[in-house]
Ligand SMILES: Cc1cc2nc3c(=O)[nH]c(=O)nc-3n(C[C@H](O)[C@H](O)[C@H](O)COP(=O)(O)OP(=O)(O)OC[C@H]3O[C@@H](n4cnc5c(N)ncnc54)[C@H](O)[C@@H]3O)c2cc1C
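Before any questions on how it binds or moves, here is one chain, the form predicted alone, in structure tokens.
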């Protein structure tokens, strides 16, 4: 007995459900035998691949026209993976051996495309999920999507995997006087290269890895960048003692407590980079690893930006008070002129806008309410992948757990269906 037959049986005996289904008669309805995965980024691809390996089919919906749309359409040209490739590979397939330690954006996209081909993952592109909710009467998830021409489709599935991730929508802060500025104001999702800002005064807002790297890119294209540092930040060398800082940290954590590892990282950083507070980059009280565990805030891995800050090629500024005509007034009372502003202010989850569920996901920030490592599973066959604040390593862990859990349910229901079919055959053949 497949899910469509089960639905039809329930409808035949439930006039309220019949009326409910008729209200969506203008929508095409598709019954998905396996899980429905929303999002074709690394998280969605990893989950689909792990399911495929276990013999569980899935359907992947993607609102854009390509896989990994964030990487392909919304990242700057010079972007590389910030961590070594061995910590960024997806389950079941490593990076090519000839790829560098820190693959470029183009290489990472090529890896993901090869990954999708290897596991025969063919997402349904240009389908934006507008609403998903669990129908307790039906016992299934009802997921509505809208196509590029406005056509509607309703998917009915027993398992729903939310793989839209932490970076679904650009986070754009409100700024007083934004309408007065007159110059170019854009989020990093729309920034490609410093070439178009050559010779211009550019203010970069946000001192995370993206903000730091955009400043460096602007310097390399002879722009005149300034960096708004609104909060404390840990800046670490990308490599220490001949190893990647992340790899060294993971190795040390096998033997030493996190606070001791943090102290060691900070001592090495001070020896290699000096006192960053002298240049306007004050460190948080908590160490980089402890802060990451508690808040998800990632330390900056320096790739050359700090040297430009030390030389004065990049100027550090305090928080913005308000914008004026081609000028910015800062909270310290100073006003400086700028031609453009780049907002390296990060991204946010968009789950609350379409998932009508309150138990697993927070309506406030769109993240699972339960902290890592327990946020991957909810009730009624709902799952989350890519919300760990631990990058691609966390994504891989989620994908493997989800596939194992769904496989158990899949096998159990397969046995149930087989037993039901045999019973029906025996009843039909009896005199």
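Positions refer to the first chain, counted from 1. None of the values given here were measured: they were computed from a predicted structure.
This protein has a second form, the form predicted in complex with this ligand, left out of what is shown; the following refers to that one.
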Checklist entry - in the predicted bound form, which of the listed residues (29, 56, 59, 392) lies with a heavy atom within 4.5 Å of this ligand? => result 392
Checklist entry - Can you pick the one in 354, 119, 279, 134 that has a heavy atom within 4.5 Å of this ligand in the predicted bound form? => result 354
Next on the checklist: Please pick out the stretch from 261-269, 320-328, 165-173, 190-198 that is in contact with this ligand in the predicted bound form, where contact means heavy atoms within 4.5 Å.
Outcome noted: 165-173
Item to check | 4.5 Å heavy atom contact, residue 128 to this ligand in the predicted bound form | outcome: yes
Item to check | Close approach of residue 38 to this ligand in the predicted bound form, 4.5 Å, heavy atom | outcome: yes
Next on the checklist: Just checking whether residue 70 would be counted as a contact of this ligand in the predicted bound form - the rule being heavy atoms within 4.5 angstroms.
Outcome noted: yes
Next on the checklist: Can you tell me whether residue 350 touches this ligand? I mean in the predicted bound form, with a 4.5 angstroms heavy atom cut-off.
Outcome noted: yes
Checklist entry - Should the three residues 44, 76 and 83 be counted as contacting this ligand in the predicted bound form, with contact defined as a heavy atom within 4.5 Å for each? => result yes
Checklist entry - Across 198-216, which residues bring a heavy atom to within 4.5 Å of this ligand in the predicted bound form? => result 210
